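Next comes just one chain, in structure tokens: the form predicted alone.
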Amino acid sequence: MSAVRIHRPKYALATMLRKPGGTTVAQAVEQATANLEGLQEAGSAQLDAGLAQMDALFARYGDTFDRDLVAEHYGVAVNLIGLPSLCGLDALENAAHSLCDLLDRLGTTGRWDRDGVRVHIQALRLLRNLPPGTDAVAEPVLDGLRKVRERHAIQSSN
């Protein structure tokens, strides 16, 4: 009978972690913060461009449901996801998710709610102009968006 041999590989990461020196946690956090500040400016510009696209898309809406336009609008809205959080605008991030959810529900059901989409776009504009860290002020706005979304809840058949 042969003996079982257990082989434990040496991982380069484990070896590096045991070596003294290198970057401290404080230095790494400081560097990461500096990197994020550089990204925030670019993210802010991209966010503003996306909001301008939303306004242009909304101007093309009519009084009846247009599946292709709703799908195009969803594509623009989904591209906003992540940018507000990068800029410290968490309430705007929530509103962008809300708009995506509403557009998805409208596209799925084929129902049209021009006013619901308009309210979401207006809320995005309002929340964009709030200073970072004022999420408590935004709560009533987000609550209103939730109520608009709930009007288009997709009922389960279970």
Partner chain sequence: MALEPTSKGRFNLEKASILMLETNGMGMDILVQIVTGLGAKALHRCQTVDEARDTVKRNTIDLVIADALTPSGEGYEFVSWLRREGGEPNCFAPVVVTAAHTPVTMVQNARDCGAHYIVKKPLTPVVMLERILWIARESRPFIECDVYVGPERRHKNEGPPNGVPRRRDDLPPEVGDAQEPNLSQDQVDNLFSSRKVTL
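These numbers were taken from a predicted model, which means no experiment stands behind them. Residue numbers count along the first chain shown, from 1. Whichever C-alpha set is largest while still superposing within 1.5 Å between the two forms counts as the rigid core.
Only in words, not in the display: the form predicted together with its partner chain, which the text now covers.
With the partner omitted here, the stretch from 59 to 67, 123 to 131, 110 to 118, 43 to 51 that lies within 4.5 Å of its partner chain by heavy atoms in the predicted complex is 43 to 51. Using a 4.5 angstroms limit between non-hydrogen atoms, Lys19 touches its partner chain in the predicted complex. Within this chain, Ala153 is remote from the site of its partner chain in the predicted complex, having no heavy atom within 4.5 Å. Within 4.5 Å of any heavy atom of its partner chain in the predicted complex lies no heavy atom of Pro140. With a 4.5 Å cutoff on heavy atoms, Val25 counts as touching its partner chain in the predicted complex. Shown without its partner, the chain has Gln31, Ala32, Thr33, Asn35, Leu36, Leu39, Ala42, Gly43, Gln46 in segment 31 to 61 as residues with a non-hydrogen atom within 4.5 angstroms of its partner chain in the predicted complex. Once the rigid core is overlaid between this form and the one not shown, Pro140 does not reach a Cα shift of 2 Å, moving by less than that. Once the cores line up, the CA of Thr108 ends up less than 2 angstroms apart between this form and the one not shown.
Comparing the forms between this form and the one not shown on their rigid core, the Cα displacement of Glu37 reaches 2 Å or more.
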